[in-house]
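Here you get one chain, nothing else, as structure tokens; it is the form predicted on its own.
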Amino acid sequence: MDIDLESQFTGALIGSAVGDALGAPVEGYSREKVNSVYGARGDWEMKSGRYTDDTEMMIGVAESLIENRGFNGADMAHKFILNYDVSRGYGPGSKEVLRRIRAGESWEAASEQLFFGEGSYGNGAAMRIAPVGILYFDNAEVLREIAYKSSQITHAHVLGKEGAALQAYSIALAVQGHKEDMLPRLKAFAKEIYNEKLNTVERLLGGDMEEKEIITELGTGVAAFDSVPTAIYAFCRFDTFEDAVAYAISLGGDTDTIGAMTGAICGAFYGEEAIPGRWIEKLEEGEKGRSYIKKLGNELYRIKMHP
């Protein structure tokens, strides 16, 4: 498959935003209720095109990586605060962390206070990680390091960080054209509970499983380990951007984030041209809308090619 690398960079970011906006109107819905809104998979129309905190934070990650030509934690946290729009649907953990950083706590320490000092293992770091996945696609260890550091701003728990690293590495492998052999590569990379989850993904791909089994065994919740493997499964199971993203959202649950993560992997693999035009056209425009998101992908590509 010969796809232009720049299209894969822009595809990862726009794909993430499209998946987010498509999943947003049905967030928290059951599989049956999603079906009642969108109908059977096949020809979904985007309902509103407005993205959520998933994309707003992804934009912040990209802006900071571009401005600093790499990771700068204090700046990335500052970008999150500058971009923060409460109407985008931020979770209570991220709201609290950003409040603490605004009040003067360091970006390294603020997130460690959450959940009785354990930190969050939600998928909020994984949902925004696409810019890290594309910028460091050719260096797995640096990718893991940057994924962990960028997670630390809001998600200090190792399972939150490892979920973000696994999602970033899925995107990196997609950029490199790995699909058939993605799972063994991910299993060699993954730590913690994610290895077991990837074994489950492999087993489920081996049979014609019903949606109920996928939901029960992989999860559709806000924990990173109940959503990152589901996005990987959706990418591996289907052969087009549209089919994979619609399937991921059709399962219900944390639909905007699982849609965003699936869209990022698919966009990185198939390129921007493979994203349905009717979805891109419906994606919100404006100061930081679809044209701006594409521009961020172009900038990351330029930094990668001319460091």
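These figures come from a predicted structure and were not determined experimentally. Residue numbers run from 1 along the displayed sequence.
One more form of this protein exists, namely the form predicted together with ADP-ribosyl-L-arginine (F2R); it is left out here, but the text below deals with it.
Contact annotation for S87: at least one heavy atom lies within 4.5 Å of ADP-ribosyl-L-arginine (F2R) in the model of the complex.
Remark: G91 counts among the residues lining ADP-ribosyl-L-arginine (F2R) in the model of the complex, judged by a heavy atom distance of 4.5 Å or less.
Shown alone here, S170 lies farther than 4.5 Å from ADP-ribosyl-L-arginine (F2R) in the model of the complex, counting heavy atoms only. In the model of the complex, ADP-ribosyl-L-arginine (F2R) sits beyond 4.5 Å of every heavy atom of E63.
Checking V132, A165, A231, M127 against ADP-ribosyl-L-arginine (F2R) in the model of the complex, a heavy atom within 4.5 Å turns up for just one residue: M127.
Though ADP-ribosyl-L-arginine (F2R) is absent from this view, in the model of the complex it lies within 4.5 Å of a heavy atom of just one residue from Y136, F80, F235, Y121, which is Y121.
Remark: of stretches 30-38, 65-73, 248-256, 271-279, the one touching ADP-ribosyl-L-arginine (F2R) in the model of the complex is 248-256 (heavy atom within 4.5 Å).
Contacts with ADP-ribosyl-L-arginine (F2R) in the model of the complex, taken as any heavy atom within 4.5 Å, map within 53-81 to D53, D54.
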